[in-house]
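Starting off, we have a lone chain in the form predicted alone, written out as structure tokens.
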Amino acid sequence: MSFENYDWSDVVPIEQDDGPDPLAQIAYDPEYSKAMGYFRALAQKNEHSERALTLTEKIIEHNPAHYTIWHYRQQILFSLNKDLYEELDFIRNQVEQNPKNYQLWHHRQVIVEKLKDCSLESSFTEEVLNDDSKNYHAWTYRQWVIRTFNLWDNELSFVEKLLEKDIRNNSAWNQRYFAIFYNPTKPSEEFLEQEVQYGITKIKLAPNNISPWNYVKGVIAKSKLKIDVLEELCKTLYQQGIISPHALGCLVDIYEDRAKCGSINEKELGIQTCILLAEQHDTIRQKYWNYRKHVLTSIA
């Protein structure tokens, strides 16, 4: 039954109080203002009914980011012992229209928590991410599902499919890191070495894509490996005429580490690479590379 078909004769709508002299009164849609008037009246007496539930749907239609309405809807659903799987269907339809609505994703989390059933969630988020692989809300929700229900086993294969589709998908690289390092089962050193090699193969496909560079550096930082494991890759790219500021920046990191261990030659190489980046290959970050040059110069 639609909102208009219910009997509202017993309800005195409560209008929004903007004070005696509002500075910039919002020109709400008349239907929305009417529905909100009924909502305030029902909420005041804490009414949990079918008409109240339908009212929330009407308001969500006008303002899907209204957190208070979503909360009220949850209270009604639980109070009336409604079929929460039907609510998941309702949410699915809403996500199709508003895929980046935070309140909507949080509502789904509340419903799934209540159900204690995540059987639909992996496929649901996969569908959403297939439409927009960088939907932050879908990724955040997916991570919550994985951590809450211990669904780690197939996540790397899912991420792999996304990276095969788009190697520049920084969200997928972030999820790969999450799947490995937030998993309660800690990775072995052998696995981390393989993961660095995996990242190197992806870097070779797109040397100017910062995502795999950051990912590999992150893996190295979590392992017993050192950054100089990337030295051969960086030099090979440069020798092949592939100018990647990320590769040259990585060489600066390597040279700085060695300079701190007393290598004068590596210190000079680091300074020259900083100059190269500041003046030719990464001029937009000139001040940063001049700072890195200063750091290298200051090493005794």
Partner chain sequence: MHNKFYLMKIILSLMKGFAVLGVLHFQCRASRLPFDASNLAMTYTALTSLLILGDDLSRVDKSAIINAMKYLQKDDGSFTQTYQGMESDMRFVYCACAISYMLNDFSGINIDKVVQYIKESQSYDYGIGQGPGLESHGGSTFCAIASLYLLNKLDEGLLSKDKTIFWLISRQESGFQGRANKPPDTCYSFWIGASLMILDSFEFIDYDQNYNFLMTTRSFDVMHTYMGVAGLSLMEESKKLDPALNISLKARKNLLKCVFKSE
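Computed from a predicted model, the values in this text were never measured in an experiment. Positions refer to the first chain, counted from 1.
Beyond what is shown, the protein has a form predicted together with the partner chain; the following relates to that form.
- In summary, among the residues 182, 85, 152, 78, the only one with a non-hydrogen atom within 4.5 Å of the partner chain in the predicted bound form is 182.
- When the partner chain is considered in the predicted bound form, only one residue from 122, 94, 209, 223 comes within 4.5 Å through any heavy atom, namely 209.
- For a residue to qualify, one of its non-hydrogen atoms must sit within 4.5 Å of the partner chain in the predicted bound form; none of 6, 12 and 148 qualifies.
- Taking the partner from the other structure, the partner chain in the predicted bound form has no heavy atom within 4.5 Å of any heavy atom of residue 194.
- Remark: residue 68 counts among the residues lining the partner chain in the predicted bound form, judged by a heavy atom distance of 4.5 Å or less.
- When contacts are judged by a 4.5 Å heavy atom cut-off, residue 275 does not count as touching the partner chain in the predicted bound form.
- Interface membership of residue 140, defined by any non-hydrogen atom within 4.5 Å of the partner chain in the predicted bound form, is confirmed.
- Note on the interface: of 213-221, 114-122, 195-203, 154-162, the segment with non-hydrogen atoms within 4.5 angstroms of the partner chain in the predicted bound form is 213-221.
- For the partner-free chain shown, 14, 17, 18, 19, 20, 21, 23 of 4-25 come within 4.5 angstroms of the partner chain in the predicted bound form, judged by any non-hydrogen atom.
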